[in-house]
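First comes one chain, alone, set out as structure tokens in the form predicted alone.
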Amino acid sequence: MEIKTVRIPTGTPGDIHAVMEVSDGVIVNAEVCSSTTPLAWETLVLEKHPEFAIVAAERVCAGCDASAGLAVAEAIENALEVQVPDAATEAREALNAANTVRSHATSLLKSDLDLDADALYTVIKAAKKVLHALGRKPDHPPAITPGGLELETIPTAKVENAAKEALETAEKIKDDTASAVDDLKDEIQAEMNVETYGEPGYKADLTPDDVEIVPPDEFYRMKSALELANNHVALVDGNPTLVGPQARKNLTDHPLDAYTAKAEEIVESLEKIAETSENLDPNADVKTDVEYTSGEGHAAVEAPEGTLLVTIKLRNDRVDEALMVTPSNVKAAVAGRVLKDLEEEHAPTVIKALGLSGRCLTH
């Protein structure tokens, strides 16, 4: 038996490591962690204005930035019992869907699959157009604010056209991805026997009572993992749980099915954006005035890589307590299990497919 530590190049911010017990080239046991220096969002936002918590959350991870901002905004709204206009809720769903398209297409671009890069860039460009239109920027969208969105009007025609123009390309990506995944499955034999949590759409029902946060010195058992890990791990209902596109699409026979699920969600998200924008009144009210007082609230959003949970407590218009549970915090608990019985050489490909980010893990 040999202990090996491998840095996994995931194509996302931060450093992911797999610590593996290997026998005859096969992984017998494994733990996956992040050595990335913590950004400490929960500490960074203390005593700050609630709007700063949104700005900071959007910089936790490049992939789920809009979703993180939306989750924090909705936690603040729930804490203050703010009612958001219906048009703002619909526009937020489209914004989150655009975040999903951009993130998934980028993930496929950086995957080990042989896909059409030009097609993926076309879809990414369309998603950025929607993010810019509804969020005022193609990344870290500043329009997200407690009470709704900071927009004078909703550019519905621009949003609808961007989504519809990318749909044919997205359908091709979906077909190509399914074929490429099937080919790679012939080379990589793997199974997934894991609990899952995920809900199609925008919002999730996950609450703080459903989640247990485990510090690294209590979760990790292998010495090398303990020495590296800067991340906490989250259990759902006490169990290691897979979240993200695979869970939402119920495609969990093989780790590489994550890519198939992402390609399918790209198409569905573009259709959702087009449908939503077609039915929105461009002059509808998308912002409620907010009085910042005291309260506590939580929100859960289906971010691109999985369910993202935020809890926030406000005291006299300042953040008093904050907690963020990211998709990577949850997926870290199952990553080692997914590697078990896998040939050692395939570990990077499988972990990359799971969508873990070192920055997301340490946020």
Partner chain sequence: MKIAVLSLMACGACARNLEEACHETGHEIVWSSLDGDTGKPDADVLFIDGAVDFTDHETLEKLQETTSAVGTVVSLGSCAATGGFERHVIGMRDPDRYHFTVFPAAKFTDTDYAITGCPPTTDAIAAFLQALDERDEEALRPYKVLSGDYHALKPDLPAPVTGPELPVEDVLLTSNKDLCLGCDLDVIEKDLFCVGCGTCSTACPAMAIVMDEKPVIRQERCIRCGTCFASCPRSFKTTRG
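In this text the structure is predicted, and so the values were computed from the model without any measurement. Positions refer to the first chain, counted from 1.
Here the subject shifts to the form predicted together with the partner chain, a form of this protein not shown in this document.
Residues within 4.5 angstroms of the partner chain in the predicted complex, judged by any non-hydrogen atom, belong to 134-142 and to none of the other stretches in 176-184, 244-252, 134-142, 192-200. The putative spot formed by 4, 257 and 349 is not touched by the partner chain in the predicted complex; no residue has a non-hydrogen atom within 4.5 angstroms of it. Looking at residue 129, you'd find every heavy atom of it more than 4.5 angstroms from the partner chain in the predicted complex. Contact annotation: residue 216 falls within 4.5 Å of the partner chain in the predicted complex, judged by heavy atom distances. In the predicted complex, residue 313 stays away from the partner chain, with no heavy atom inside 4.5 Å. None of the heavy atoms of residue 337 is located within 4.5 Å of the partner chain in the predicted complex. Residue 125 is the only one of 125, 172, 158, 164 with a heavy atom lying within 4.5 Å of the partner chain in the predicted complex.
Interface residue among 94, 286, 229, 76, judged by heavy atoms within 4.5 Å of the partner chain in the predicted complex: 229. Contact residues in stretch 1-21 (any heavy atom within 4.5 Å of the partner chain, taken in the predicted complex) are 7, 9, 10, 11, 12, 13.
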